[in-house]
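Only one chain comes next, encoded as structure tokens, the form predicted alone.
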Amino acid sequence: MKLYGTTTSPFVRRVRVVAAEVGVEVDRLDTATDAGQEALREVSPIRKVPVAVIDGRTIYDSRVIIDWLVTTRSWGGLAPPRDRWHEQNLVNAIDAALDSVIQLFYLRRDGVAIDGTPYADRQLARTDAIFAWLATQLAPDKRSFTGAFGLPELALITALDWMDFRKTYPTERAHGVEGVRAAWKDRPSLASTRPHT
């Protein structure tokens, strides 16, 4: 699979982890460079990573790519959903928290003085509320939502790792769900894809 993206994107990382778990080799095209951005524009009208070219198809968005991988390659080392709709709600909530802090990250990076504004405060409060709710959804083991390593656990771990890497949200505020990340941090597919400088 040819995968367009960066090593730091939490969404690209999700695809890389799933590919490793289902045994699909990844040929990554780095979109952090000007040449990579040009290549991305040639294959995707939305200019957003990740994009995958696999089995003669060009697929946009991490969720759609992951769906393609598990549909065509099986679940490999990942736990298939027990309650698909509930697990999609969990991933939606995690993505909403991630989107809130990604917006703040890009505004800060572009030089907008966002900290302390009502908008920034709302985004952080939204993220806090999501993590508090997610903590109520954990299985009794407090290391998963489902009793295994599946897509909600993957989404949470990649979100928290990115937030720490980019220093966008103090993840100690998400203490109720930290057990999930701690439980799976040494899993090879996660350890080998962790963002670093």
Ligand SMILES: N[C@@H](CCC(=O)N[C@@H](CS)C(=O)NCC(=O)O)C(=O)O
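Please read these numbers as outputs of a predicted model, since none were measured by experiment. Numbering starts at 1 and runs along the sequence shown.
A second form of this protein, the form predicted together with the ligand, is not displayed here; the remarks below concern that form.
Heavy atoms of no residue among P81, H86 and L156 are located within 4.5 Å of the ligand in the predicted complex. Of the listed positions (R47, K167, K142, R57), a single one reaches within 4.5 angstroms of the ligand by any non-hydrogen atom in the predicted complex, namely R47.
Contact check for R63: a heavy atom falls within 4.5 Å of the ligand in the predicted complex. None of the heavy atoms of Y119 is located within 4.5 Å of the ligand in the predicted complex. At least one heavy atom of S9 is located within 4.5 Å of the ligand in the predicted complex. In the predicted complex, the ligand lies within 4.5 Å of some heavy atom of I102. Comparing 47-55, 168-176, 129-137, 148-156 against the ligand in the predicted complex, the single stretch with non-hydrogen atoms within 4.5 angstroms of it is 47-55.
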